[in-house]
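One chain comes next, on its own, written as structure tokens: the form predicted alone.
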């Protein structure tokens, strides 16, 4: 039991302890760990000798700490837990606790490479039916490998960053035109943050997932569907997705999700040997998508066809490296019903069935709209693990290029 006021029973109790980076009192960015509605200043804790991490907690991003590897991650977590539960440490630790309402949260890690997968069978089937109505919804390779694309790490932004409506080419009956996207969408996803890097030419096997991945963030892979429909063949998404990808400010350690693993959906046909993860486990994460104050869907991550371990194994099977700070995302999380879809493309079935919100009907995003994606997971002894939220508001497109 923690001695921190208000933290007992919180989704952010000592069973969770997510990491973030914050600004407070005019000082430079610092690493903190959330406990209830407070932040423990880990920069100050390491400076005072309360936590030992070789100075990795006294930096402006999590990258140096992520690079230390699992033994050090576990040691720091155990020490922070001790500091927040043993009343003998209260006098030393309490001055290092900062109310969340007083801080500004920053991007928690410097993003290296970014890869986005396409791992929900329901989502892939829905999109296939809309984009390729005269073909089979799933491409022939979909159940043999985790399909993905390389995105842009430089446009990954922290929750709360305004999202400028992108402009680009889109098809019309009269030919291609240039202008702001008119079918701007979201994709509710879960992201995995790499800590320990791999060596060039050395694949990461499925059973080494936890040796390389530090933790989890929520992701909104904003998508311009009209730009996407025109550009995506033959090489896949490009400008339709590279303008902004939002992530939550909290990196939830894998250790906090120990009670959230459960059997993943059966894979048929059987996968190739390098993709066989035994046991075959996914995560029981329950997402919620809020559009202008109305919860419009609750996507279930437990139904994802490809697991995080399989995604990492496929990402590196050709010898590609992962580096500290790399981010890979699950792809849109969608379930079998309309109320479980993770994109507005699916929720409104391509814009044909508008959604009723308090401020009127919507098909795709309008300027001024705000979308917030949140999630929880089961924790030990019936408690809940909070994954925070990723939020963004759409602002009007800028002037066209000259």
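Positions refer to the first chain, counted from 1. Please read all numbers here as calculations on a predicted model, not as lab measurements.
What comes next is about the form predicted together with another copy of the chain, which is not displayed.
Contact with another copy of the chain in the predicted bound form, judged as any non-hydrogen atom within 4.5 angstroms, is confined among 294 to 302, 212 to 220, 86 to 94, 274 to 282 to 274 to 282. In the predicted bound form, another copy of the chain stays beyond 4.5 Å of every heavy atom belonging to residue 73. Mapping the unseen interface onto this chain, residue 121 falls outside it, with no heavy atom inside 4.5 Å of another copy of the chain in the predicted bound form. Using a 4.5 Å cutoff between non-hydrogen atoms, residue 150 counts as a contact of another copy of the chain in the predicted bound form.
Contact annotation for residue 132: at least one heavy atom lies within 4.5 Å of another copy of the chain in the predicted bound form. Residues 185, 286 and 371 are none of them found to lie within 4.5 Å of another copy of the chain in the predicted bound form, as judged by heavy atom distances.
In terms of contact with another copy of the chain in the predicted bound form, the residue from 102, 259, 207, 290 that brings a heavy atom within 4.5 Å is 207. Only one of 264, 98, 157, 80 lies close to another copy of the chain in the predicted bound form, with a heavy atom inside 4.5 Å, and it is 157. Contacts between 208 to 241 and another copy of the chain, taken as any heavy atom within 4.5 Å in the predicted bound form, involve 230, 231, 232, 233, 234, 235, 236, 237, 238, 239.
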